[in-house]
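Take a look at this one chain, the form predicted alone, written out in structure tokens.
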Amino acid sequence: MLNYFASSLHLGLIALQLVLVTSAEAGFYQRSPSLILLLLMSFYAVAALLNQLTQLCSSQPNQARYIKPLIPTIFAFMLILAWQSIVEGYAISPVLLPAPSSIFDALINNLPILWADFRQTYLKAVLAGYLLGCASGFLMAQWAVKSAFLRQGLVPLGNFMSAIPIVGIAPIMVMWFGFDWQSKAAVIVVMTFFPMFINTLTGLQSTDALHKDLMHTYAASKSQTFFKSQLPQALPFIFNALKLNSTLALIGAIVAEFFGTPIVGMGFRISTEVGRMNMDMVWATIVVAAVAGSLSYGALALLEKSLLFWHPSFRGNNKH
């Protein structure tokens, strides 16, 4: 009964803060500074609710799969509510920091433009560069396992290439491959090749000697040894590179578009709208990029979990 009363009080505080933000005129914290106490109390209410949900996850493991997604959702909702409250309450200029509601409006009202930018940057440049960079890094690592001179030559070169700033590579690639998506894909290939090469090489070299002897005892062919022993043991390293490259590729494409692109693309949109002081559109483009990057990373994490269910690290997590 006491917990029910406390939960109702917490939800009431959050609802009151929501009503204040949606109904009051801009600048309400400047006119009535004491209203900031309501925001602080709503922070406390959200923290208490999250604490209750966390305890519920521990006490009822069967319901955890339904409760766990609520925790980051409520946390994100509170951050957005606080953002909206501070921007509206202190009447902050949209050039400095637009409100989440303004960003949402820009997102909805410019869907055709954002879709065209997404198609140019992600579906053309990012996917092509990512696939080429990861595939070439994987194949080169296979050859390097068998060749000492490739290992000794490419590993130090990988360290050197990883230290080169992308802002130095991007304009060169634009000069070589033109202003369209091919130059951005070339930047991504450079950025993703060596992480995949180093991780795959490490994974293939980490094959257990006992497994090698076992495959030799079975008179396994080279392809059988690779697919049934080396590759499964290297998969955790390969997925590390795939997940790392998924974020690197998007960053590389957007930064490369700052140095030359057709009048479409996420990087072009950000640089153009910053010049126009249209920050709502800039933040809307950033949201699209963040969602695309998060979905890519999440899809790879799910694929990793489905393929590596046998690995000790995943078996250990499944016990909890």
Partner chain sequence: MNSNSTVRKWLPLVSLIVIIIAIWYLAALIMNGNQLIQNLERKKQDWTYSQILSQAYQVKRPMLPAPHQVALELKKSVFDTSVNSKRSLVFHSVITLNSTLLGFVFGSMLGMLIAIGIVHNKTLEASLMPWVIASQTIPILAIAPIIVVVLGALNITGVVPKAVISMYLSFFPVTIGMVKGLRASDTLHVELMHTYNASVLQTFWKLRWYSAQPYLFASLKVAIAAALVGAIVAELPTGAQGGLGSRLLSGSYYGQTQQIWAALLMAALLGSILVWLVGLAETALLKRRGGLTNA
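Predicted model, so just to flag it, every value in this text is computed and none were measured. Positions refer to the first chain, counted from 1.
Keep in mind that the form predicted in complex with its partner chain is not shown, yet the notes after this line are about it.
- For the three residues Pro100, Phe227 and Ser306, a heavy atom within 4.5 Å of its partner chain turns up in the predicted complex in no case.
- Though the partner is left out of this view, Ala209 does not reach within 4.5 Å of its partner chain in the predicted complex, counting heavy atoms only.
- With a 4.5 Å cutoff on heavy atoms, Pro236 does not count as touching its partner chain in the predicted complex; it lies far away.
- At a distance threshold of 4.5 angstroms between non-hydrogen atoms, Phe258 is in contact with its partner chain in the predicted complex.
- In the predicted complex, its partner chain lies farther than 4.5 Å from every heavy atom of Ile108.
- Judged by heavy atoms within 4.5 Å of its partner chain in the predicted complex, the contact stretch among the candidates 199-207, 171-179, 126-134, 110-118 is 171-179.
- Ile71 is the sole member of Val145, Val190, Met215, Ile71 with a non-hydrogen atom within 4.5 Å of its partner chain in the predicted complex.
- Shown without its partner, the chain has Phe149, Gln152, Gly153, Leu154, Pro156, Leu157, Phe160, Ser162, Ala163, Ile164, Pro165, Val167, Gly168, Ile169, Pro171, Ile172 in segment 145-172 as residues with a non-hydrogen atom within 4.5 angstroms of its partner chain in the predicted complex.
- Look at Val167 and Ala135: in the predicted complex their Cα atoms come 3 Å or more closer than in this form.
- Expansion of the Ile166-Gly267 CA spacing by 3 Å or more is recorded in the predicted complex, set against this form.
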